[in-house]
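Heads up, the chain below is alone and in the form predicted alone; it's given as structure tokens.
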């Protein structure tokens, strides 16, 4: 029963996503699941550690290009490619993390944005010999079929991404419930008291930085396998605000905010872009409206209402027994 109480929210959420696949287009659902993983790392940085990062496209590109290099130059197994992408993001985060996490507030946001600009320029101009510049790397036909879940089939890829996302959410739920998760929140709110208790703020932030950006690299590797193509546009600074917007839309620091935000953002982009060219303008107005009316985001505002509605009968019954 304890295990069921711990898992039921995650299982219900991803079961609903699986059911939604029956009614919604498969490409839309695949994008929602991958984008929610992408936003999850940003959500953890903002909500738990207090780091606003505009450099997430860089870490997305690290994972995507690491996976792409393997699939284009070395091998054909998509599972190995995803693993290589995560390892690429992990290694880069470990190398630059000790420098970046020493910064706070606007400085951290700007240095990450600068990293996205550098990665974009490197992949587009400097390393054009191996990245093929704006033409990108095409390797869709090189990806080999795999047993059980063949990731070259979109429906199989959706099942795999859904299972993988459920594991990612279980991991972050475990972090939220752990002492380390509490330390992350404490270093955001009052780092002096945390240091007084004997914890090392730098180590806590560094580990959070590595975890969040490795998650972003995972999303990049999944994009690479799903599309069979990567280009410098993945690291484009013009897309630097996307994961931050999705995080705010869904609800900063909430477990299921990235999923709700990804559904809202992707859905509005697909629908509105067919009606007007500058669909970002509508997203901007909606974001301002949400911040004024529901500053906790869509899920952050709905969750207390749903919880009260689901458990409203519990209190009368317990009082009756008393």
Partner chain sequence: MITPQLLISGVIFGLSIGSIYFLLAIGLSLCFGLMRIISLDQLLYYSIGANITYSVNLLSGNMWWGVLAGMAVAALASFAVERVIFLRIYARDPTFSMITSFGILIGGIGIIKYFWGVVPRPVEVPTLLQVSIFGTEVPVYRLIVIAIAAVVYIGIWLFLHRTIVGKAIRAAIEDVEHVEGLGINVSRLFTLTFIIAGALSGLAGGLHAPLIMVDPTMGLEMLAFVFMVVIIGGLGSIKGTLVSALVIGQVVSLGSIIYAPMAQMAPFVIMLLVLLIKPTGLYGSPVFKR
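Residue numbers count along the first chain shown, from 1. Rigid core here is just the name for the largest C-alpha set that superposes within 1.5 Å across the two forms. Here the structure is a predicted model, which means the values were calculated and not measured.
Absent from the display: the form predicted in complex with its partner chain. The rest refers to it.
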Checklist entry - If contact means any heavy atom within 4.5 Å, which of 109 to 117, 152 to 160, 134 to 142, 80 to 88 contacts its partner chain in the predicted bound form? => result 109 to 117
Checklist outcome for this item: in the predicted bound form, the residue from 190, 105, 203, 178 with a non-hydrogen atom within 4.5 Å of its partner chain is 105
Checklist outcome for this item: With the partner omitted here, the residue among 54, 35, 256, 69 that in the predicted bound form has a heavy atom within 4.5 Å of its partner chain is 54
Checklist entry - Does residue 99 reach its partner chain in the predicted bound form, with heavy atoms at most 4.5 Å apart? => result yes
Item to check | Distance check, residue 278 to its partner chain in the predicted bound form, heavy atom within 4.5 Å | outcome: yes
Next on the checklist: Can you tell me whether residue 207 touches its partner chain? I mean in the predicted bound form, with a 4.5 angstroms heavy atom cut-off.
Outcome noted: no
Checklist entry - Could you tell me if residue 229 has a non-hydrogen atom within 4.5 Å of its partner chain in the predicted bound form? => result no
Next on the checklist: After core superposition, I'd like to know whether residue 271 moves between the shown form and the other one (criterion: C-alpha shift of 2 angstroms or more).
Outcome noted: no
Next on the checklist: Once you overlay the rigid core, does the Cα of residue 26 travel 2 Å or further between the shown form and the other one?
Outcome noted: no
Checklist entry - Superposing on the rigid core, is the CA of residue 286 displaced by 2 Å or more between the shown form and the other one? => result yes
